[in-house]
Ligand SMILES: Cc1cc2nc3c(=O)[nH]c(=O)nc-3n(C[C@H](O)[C@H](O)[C@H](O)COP(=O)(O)OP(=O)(O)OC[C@H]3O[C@@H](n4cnc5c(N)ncnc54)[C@H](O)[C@@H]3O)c2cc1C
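Read the single chain below, which is given as structure tokens and is the form predicted on its own.
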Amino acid sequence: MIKTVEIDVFPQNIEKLDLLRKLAVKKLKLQPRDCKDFRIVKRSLDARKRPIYKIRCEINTVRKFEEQIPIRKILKDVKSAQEVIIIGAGPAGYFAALECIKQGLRPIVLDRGKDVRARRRDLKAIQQDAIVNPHSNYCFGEGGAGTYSDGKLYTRSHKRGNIQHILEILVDHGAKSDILIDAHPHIGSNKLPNIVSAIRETIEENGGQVLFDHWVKELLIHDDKITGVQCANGQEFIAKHFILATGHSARDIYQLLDKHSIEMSAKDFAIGVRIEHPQTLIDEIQYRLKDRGEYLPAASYRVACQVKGQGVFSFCMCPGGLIVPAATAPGELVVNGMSLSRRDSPYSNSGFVTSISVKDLNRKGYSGTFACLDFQKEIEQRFFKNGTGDQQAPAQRITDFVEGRVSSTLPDTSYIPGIYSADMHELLPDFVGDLLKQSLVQLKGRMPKYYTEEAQFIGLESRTSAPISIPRNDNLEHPKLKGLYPCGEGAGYAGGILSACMDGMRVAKAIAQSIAN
């Protein structure tokens, strides 16, 4: 019989399993001999009164808990099976590939970028030399945008798939088992590369194929059915089923679909800035402690405001993190946030953004499928052209932003390419700047320490989600182009690593079902 109980422990005790077992046994009023096995199901940090961990445990009074069989041991060789072409080696693409193998199909993954290790040279180039490789950067390449931008594994999309199964696959490929129980699991950009390459090895060991530097440039279409794709190197891939998992920033793919009159539509997204604070300040706000000590993690936060019916909210908060350049083409400036596994940077950062609706942009003269994408590109290019022609980013103390003056000095920053003082009101669209200003005024009253001259805006944060959606029917296939399965963030069906993984698996299952029928 399995009994469940929740116990409260101080941060310094969360790794003391013997103590946790004793506390759980005591709270359930059992005898120690009644506990045949013990496991932690979930743990979360509650800092409302004082920092304390709430740990949900299970005790088996009959037998040992059964161990999960690693996915590597249940997959079979599919080298001779029917092929499925997957365009994109991000979380949606790789988890679609794993599910294809599980379903007895052979995945061939095509990615425009480089393998996860070779990408590092291009990340160094954009950080230090302002050289943007349009095929290998923080968004493109093996593992997709999530690999080198934090690896947060929190999602509200619980109805889309089996989150625990995805976490188990990640642990099977090298992630710490902590992600199975943490309320807000996180891997870190220093750990993800090894996990991503291990997943590739699993795909290849079981008969799948992963090809880098394979940029899809053309679609082969006959009688409203996709029959193949052609890469920039001239190589063609012919199949009956194609999964399009190219991520939220593959603008050329949208242009390619539009060239073939494939149905798409403009989609709401969000735009704003990164707000950067000293991490010690966020710790003090959240924990009400001057020093969080060695047992508490770097504190995170979420903020949301309503201004004239419009929401402004934090996005992709990175405690103990870094701000990085996320441009995917020369001539644009975009920033994003990331954290390493230890989250030990002296800075915290978060997106501070507001939603941009298709209807609002239509009223401002932007129209058609590319209304939101054109607006996004225009602002990114404005932020770039305002600077020195490299990846230095404009910045402004938030107090100066609210009070309408250019900052005479700027705080230190984690952003390696560097920052320069600018009037963010001049760079942001008027309505966006006004919303951000009014939100800070609200937060000044609600969180006085959050509103400080030690915090600064660094811009531009504009790749929160895809500005275009690609439709699909109940079978997850494009309604007008048979054989094409839009998938993940780039098609508008995911919003982070976990939801992208789940959507990739759903699409692969749908293809297997269509073949079976």
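Remember, it's a predicted structure, so these values are computed and weren't measured experimentally. Note that residue numbering follows the sequence shown and begins at 1.
The same protein has a further form, the form predicted in complex with this ligand, not shown here; the description that follows concerns it.
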Taking the shortest heavy atom distance, is residue 508 within 4.5 Å of this ligand in the predicted bound form?
no
In the predicted bound form, is there a heavy atom of this ligand that lies within 4.5 Å of any heavy atom of residue 425, even though the partner is absent here?
no
Residue-level question: is residue 85 within 4.5 Å of this ligand in the predicted bound form, judged on heavy atoms?
no
Can you tell me whether residue 320 touches this ligand? I mean in the predicted bound form, with a 4.5 angstroms heavy atom cut-off.
no
Region of this chain that lies against this ligand in the predicted bound form, out of 281 to 289, 297 to 305, 334 to 342, 262 to 270 [heavy atom, 4.5 Å]:
334 to 342
In the predicted bound form, the residue from 351, 394, 146, 208 that sits within 4.5 Å of this ligand by heavy atoms
146
Would you give me the residues of 278 to 310 that have any heavy atom within 4.5 Å of this ligand in the predicted bound form, in order from first to last?
none
